[in-house]
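Heads up, the chain below is alone and in the form predicted on its own; it's given as structure tokens.
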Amino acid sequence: MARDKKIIIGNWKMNLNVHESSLYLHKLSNLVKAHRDIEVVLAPSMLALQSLSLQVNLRQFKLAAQNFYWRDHGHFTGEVSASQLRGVIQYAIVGHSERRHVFYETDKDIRNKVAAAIRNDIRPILCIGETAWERSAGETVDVLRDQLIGGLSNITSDELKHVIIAYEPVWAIGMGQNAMPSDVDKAQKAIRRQIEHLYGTKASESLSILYGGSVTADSAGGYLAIEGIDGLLMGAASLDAYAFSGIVEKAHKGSDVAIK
């Protein structure tokens, strides 16, 4: 996917049952306009994915898993593999801060999931970001570097073109505390420098980087105006159909001002 296509992702997290998810998708279908320059991705709960895959218009929305296990099959009670999700979803969120800090997923888990997604023709959305303590200690760049290396160590240069990076500062997720666009700009530049070091200039320039962290309808435009930010990954805002559709429109219309 070329970087001239913005990616807007709604992570519904542990909200909406199967029936509610179906009704909400129907509502979004009536509100969100399809644009050639926008990829709109919805990440409902695992329970709802199968039924929504039969309901969704793939020209309007794509589907993502919020999580999966990295083994393709085996004796892993309660888990769902990327191979089982193949054909149901087009994207998968990997390494979200809630997976790292609530469920204690390790770099090994995350890099194995990235590789599992790619081998099953699913685009991984690798989430990286620093905590409030790491930020206050001036360790943001170091954390981003370590998480990139940890998440991508099983990925070749050719496979990297299927990976999306989402910068999600932990201190801004669900806290109502917005990162300044200038902070996000610094982070995306640090990410591209690290990718250039690992994979070369062409890979760095073609990589899609999203921002996520308490994005609202009011703040979305400022993040979308950053040169180098290619879309948004949203939680709460994606559960408000009017706010979400408005953000998609902002992404389509773009901004007259870009942060260089």
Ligand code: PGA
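Bear in mind that the values here come from a model prediction, so they are computed numbers and not experimental data. Sequential numbering from 1, following the sequence displayed.
One more form of this protein exists, namely the form predicted together with this ligand; it is left out here, but the text below deals with it.
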| query | finding |
| --- | --- |
| Partner-proximal stretch of 29-37, 51-59, 210-218, 189-197 relative to this ligand in the model of the complex, 4.5 angstroms, heavy atom | 210-218 |
| In the model of the complex, the one of 118, 173, 126, 85 near this ligand [non-hydrogen atom within 4.5 angstroms] | 173 |
| Partner contact for residue 13 in the model of the complex: this ligand, 4.5 angstroms, heavy atom | yes |
| 4.5 Å heavy atom contact, residue 222 and this ligand in the model of the complex | no |
| Exercise: residue 235 in contact with this ligand in the model of the complex, heavy atom 4.5 Å | yes |
| 4.5 Å heavy atom contact, residue 130 and this ligand in the model of the complex | no |
